[in-house]
Every structure is written in structure tokens, then in C-alpha cells.
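Before any questions on how it binds or moves, here is one chain, the form predicted alone, in C-alpha cells.
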């Protein structure tokens, strides 16, 4: 840390992370990612000589009440200059209101299409609200394109064109399921039944699996995202597997999923619109992250607030500083730089759409891999092996393998 940074008032950076509840595993990774970024920035002198001081508030079950309360504490009690998170599934943008009133910068990874509508509804009020990853909508369209590529490239020969879709109860899961359904016919796929929305999570998936079996699909996609729910589903699917590809939404990337299912997870496909490419930057980050936080941590999740913290620090330095609640002028300058200055992060290029203020996905919304965050598709291997990154090019580092049950 430079001499200047040790003598100046620290800049408080807030973070609303689920450190308890069903997403606590991800919450700890989000805390790790922000902590690592702050340590690195402070080691280089902070922002224009001022060190950063992170402030974490537990957002618990991620309800609107809990997340709004966390935002108000960060603004009123800690006077934060920015709030930078991973995701909170549940507030549905209700936390935007106290943040917009305060005029501070807010970068999250809620993966929420509603973000587009809220920002576009009043760009002047929500000037500081950014989503550091693409909306969940892109999962659906991107998955159907991925299936078509897998089939057309000859790597997989489906025995029919039927896709069965099971959704969790959260809007996140439902939007993804409906986006998959909407894109299916465009690429020649059929749904044997509309997306099945499971309103209350179950421990026994067998009746639902048997219901799906009667339709003999070539693909079974599950858009529920909690690692524990996905692990229960997959273990019960593997008791009598169908002749179909299995797609598990996001949470199966987490280490806890592999710890539960063991080698039965091999062959399952998982997607994420923000992850960690296996290029030089991604590998270096993963090594640094595991060296600091332990070998059983998940840098693919911690990279989210890590990337956004660095992007914010660059934007604030270019803009000429930071500002707390009420400092609208400097925060508007920071927001302008965030919009106009794409950032090549460890997760790929973060380029904010000028209208949505959300990261643009590759190849879903741009065909240039240097201008979007890659929508990554992994295939699980052995429990101790990292997931194989099988798409898209040029980020893939492994080939697709037929799952052992096919």
C-alpha cells in the first residue's frame, strides 16, 4: 500500500451477501471475491490514493425486506460509496429505491430481466444501477442454440427432438424455462408438455421423473438452481436414468453439488452466463483465489464481485474520485465511465448495454467474443476434476463426451 493510501480516509464499499440461508455457500464465495479484489486494489494504492474498506451485510433468505434493510444500513449507517454484490434472488429490484434515492453506484449479479425494464423506465433515476452479468433470459435462448450446435456438429445424435423442462418456483427459474420453451420451435425442437413449474421444492423427485419418462425426451432441463435441490434430483434420476442429456442450472457448478453426488454427476451439463474461462487470466485468478481461500472454494462464483470491484475502481479513478450518499455529480461521472469503458475481466469482457446497463452476452447477443461475457457450458467429470468447459469457442478447452448413461 502506498504512503498516501495509508494516511487517507478509507472508502466504504458495501456488499449485500447471503451468508445464511440456502445460498450461503455462494454468499461466502461472493465475500471472498470482493475481499480479494479490495486487497489487490489497496496493495496498488487504492482509488487515487484512498484505500477501500469493505462492509458486508448478511442478506439471509434474500427476501425483499432483508435486501432493502441491508441496503438502508449500508447507506445510512456506513455511508458507503458503492454497493457491489453477487446475486440476491428475491428482492425483484425493490432495493433500487433506497439506492436511487442516495445516488450511489450499485453493481449486482442478480441475473434478472426485470433489471432491464426498471433501468429503462427511468434512466435518470436509476443511473447508478448496473447488472454485471446478462439477464437470465439469455440462459434459455443460449441453451437451445447450444443443443442445436451440439447436434449439427455431429458430437451428439439425439434420438428425437423433444425437450422436457422442469422449473423451480422462483421467477429466475421460470423466466429461464419459458425462454427455453419460446426458442425451441425456432431451432426445430418440440416440448412434450409446457415447462413444469414445481411450486414447492420436493425431496422426492421420483414421481416427476417417471412423468417425464413417459414422454421419452432427448433432453431433460432443470432450471431450479440451488445445488442441494439439484443434487437430490440428479441422484434420483441416476437410480434409473433415461436416454437423454441432462442440463442442470448453474448450482451444479458449486463444489457442494459434486461433494453430494460424487461420480454420479459425470456427464451432466451445466451453464452459466458468468463464469471463469480457462485462459491465462482465468487460470491465474483461480490459482490465486484457491491459494488464499482454500482448495475447496469455487472461484467460478467468486469472480463475479471480484470483476465488478475492479471495474468500479478503474471507472472511479478515471472519473476523478468517489462519492457517498448524496454525491450525485461524481457518481454520475462514474456511471458514465462504466457505460463507455468495457473491461476485460477474469470472466471475460464486461460491456454494458447503453440502455439496459447490463453486461452483453457472447454468443447470445454479440458474435464478437471480445465484446461480451461468454455464456459458458460445462460438462461435469469426476468429483475431484474441474468441470470440462465444452462451449463456446474460442473459450472451450475440452470436448463433449457422451454421458455414461447414454
Partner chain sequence: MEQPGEEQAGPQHLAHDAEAFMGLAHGAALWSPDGTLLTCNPAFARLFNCFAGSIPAGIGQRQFLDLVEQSGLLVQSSQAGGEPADAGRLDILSGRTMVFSDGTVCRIVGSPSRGGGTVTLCLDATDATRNARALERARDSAVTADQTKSRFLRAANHDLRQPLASLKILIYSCIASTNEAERSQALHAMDVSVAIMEDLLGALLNIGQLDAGKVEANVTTFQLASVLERLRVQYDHQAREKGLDLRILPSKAAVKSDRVLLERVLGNFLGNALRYTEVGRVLVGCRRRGHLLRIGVYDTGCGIPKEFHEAIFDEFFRIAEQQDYRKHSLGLGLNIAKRLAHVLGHPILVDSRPGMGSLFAIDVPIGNVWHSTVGVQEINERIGGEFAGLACLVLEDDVHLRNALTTLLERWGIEVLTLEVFDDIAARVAGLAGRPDIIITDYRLRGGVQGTDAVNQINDVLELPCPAVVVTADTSPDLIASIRGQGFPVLIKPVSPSGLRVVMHNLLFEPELVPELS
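All of these numbers come straight from a predicted model, not from anything done at the bench. Residue numbers count along the first chain shown, from 1.
Below: the form predicted together with the partner chain, not depicted.
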- Work out which of 297, 93, 317, 256 lies within 4.5 Å of the partner chain in the model of the complex, going by heavy atoms. 93
- Message: Just to be sure I understand the contacts: of 149, 205, 127, 156, which is the one whose heavy atoms reach within 4.5 angstroms of the partner chain in the model of the complex?
- Response: 149
- Query: Counting only non-hydrogen atoms and a 4.5 angstroms cut-off, does residue 343 reach the partner chain in the model of the complex?
  - Reply: no
- Should residue 193 be classed as touching the partner chain in the model of the complex when contacts are defined as heavy atoms within 4.5 Å? no
- With a 4.5 Å heavy atom cut-off, would you call residue 199 a contact of the partner chain in the model of the complex? yes
- Message: Although the partner isn't part of this model, could you tell me whether residue 288 comes within 4.5 Å of the partner chain in the model of the complex, counting any heavy atom of the residue?
- Response: no
- Only one of 318-326, 115-123, 273-281, 101-109 has residues with a heavy atom within 4.5 Å of the partner chain in the model of the complex, and that stretch is 115-123
- Task: Just give me the residues of 172-192, first to last, that have a heavy atom within 4.5 Å of the partner chain in the model of the complex.
- Result: 174, 175, 178, 185, 186, 187, 188
